[in-house]
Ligand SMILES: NC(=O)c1ccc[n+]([C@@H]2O[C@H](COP(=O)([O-])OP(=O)(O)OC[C@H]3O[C@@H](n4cnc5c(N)ncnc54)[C@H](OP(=O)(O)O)[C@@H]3O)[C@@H](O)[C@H]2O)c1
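A lone chain, given as structure tokens: the form predicted alone.
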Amino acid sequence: MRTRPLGSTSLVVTELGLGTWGLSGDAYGPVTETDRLRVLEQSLAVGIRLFETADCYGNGAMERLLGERVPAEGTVIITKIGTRLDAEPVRKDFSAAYLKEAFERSRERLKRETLDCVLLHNPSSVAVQRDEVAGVMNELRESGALRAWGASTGTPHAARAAISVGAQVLQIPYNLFHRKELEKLEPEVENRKIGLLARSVLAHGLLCGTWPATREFGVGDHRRERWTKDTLRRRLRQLVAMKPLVTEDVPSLRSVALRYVLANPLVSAAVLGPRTPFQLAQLVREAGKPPYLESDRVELLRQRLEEAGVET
């Protein structure tokens, strides 16, 4: 398992990280405790040393699991705070008081005196630019309770705002069908040496290329609300743009999608969300090794995506 520096922080992370949203049961429906433990144990066995979670995943259950099962030495756990599950309705809260409270709860669940990296969980650009936000996170870092901080964002505007107030790490959606976010941020990410975590690498399973046009999602699966039937069918048709990249050494659309992300030198790690040991084994095997995709293949892929009508 190869490693990369997490931007200008002192942290070094494995190129593949285990994301725990899917394992929590909050994202795609129930996951058995057996599968949850097997995926975590297998991740460690294959050399993954980066684990990504949030205080709200499973109402804290995923942080507790990582705290109990992931050894502190030689691993990096990145968690996210700022979502109030105790509010009705659930809401974001990036006030100084709540951030401090949430940080301490995460530290207790993760069983680590010093947390590796804490991200603000999907803040707006307005929220992240309040003086108290950067003040709290920098205070925690300067006290030795935290090594690095940043933000998990959904828009370039919010990401740029986080960078402007001192975020060292960003987590953003980045995949073949959603490339604009990173392209807009490239100058800041490169110049400031921001640690970059790519999430939604497979577009929630879409880019694996295994779904029929009639695919439906069950209750409790966030994808049920993400795409209309027409949108999903259109996206599935656009996958044809990736097929020429499938070769003997790049064996599937899944492999094309994952290697595209890993081929970007700005990416510190690709955060994956397998929910079974079989899915994890597939991803690790098909990630391959450098060079993940040669520059001419990347350019061919971009051209074909444009021709297929995928937003660039």
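Remember, it's a predicted structure, so these values are computed and weren't measured experimentally. Residues carry their position along the shown sequence, with the first being 1.
The form predicted together with the named molecule exists for this protein as well; it is not shown, and the discussion that follows is about that form.
Asker: Using the partner position in the model of the complex, report whether Ala134 sits within 4.5 Å of the named molecule, counting heavy atoms only.
Answerer: Ala134: no contact with the named molecule in the model of the complex.
Asker: May I ask you to state whether Arg109 is within 4.5 Å of the named molecule in the model of the complex, using heavy atom distances?
Answerer: Contact check for Arg109: no, nothing within 4.5 Å of the named molecule in the model of the complex.
Asker: Please run the contact check for Gly58 against the named molecule in the model of the complex: heavy atoms, 4.5 angstroms, yes or no?
Answerer: Residue-level check for Gly58: no, no contact with the named molecule.
Asker: Check whether Arg254 has any heavy atom within 4.5 Å of a heavy atom of the named molecule in the model of the complex, and answer yes or no.
Answerer: Output for Arg254 is yes: heavy atoms within 4.5 Å of the named molecule.
Asker: Ser125, Asn138, Thr75, Asn122: which sits within 4.5 Å of the named molecule in the model of the complex by any heavy atom?
Answerer: It is Asn122 that has a heavy atom within 4.5 Å of the partner.
Asker: Pick from Ala161, Cys208, Val189, Ala102: which residue has any heavy atom within 4.5 angstroms of the named molecule in the model of the complex?
Answerer: None of the other options qualify; the answer is Cys208.
Asker: Which of these stretches, 141-149, 230-238, 193-201, 180-188, has heavy atoms within 4.5 Å of the named molecule in the model of the complex?
Answerer: It is 193-201 that comes within 4.5 Å of the partner.
Asker: Is the named molecule in the model of the complex near all of Gly22, Lys80 and Arg215, within 4.5 Å of a heavy atom of each?
Answerer: Affirmative, all three are within 4.5 Å.
Asker: Which residues, if any, of 261-299 lie within 4.5 Å of the named molecule in the model of the complex when only heavy atoms count?
Answerer: Sequence-ordered list: Val271, Leu272, Gly273, Pro274, Arg275, Gln279, Gln282, Leu283.
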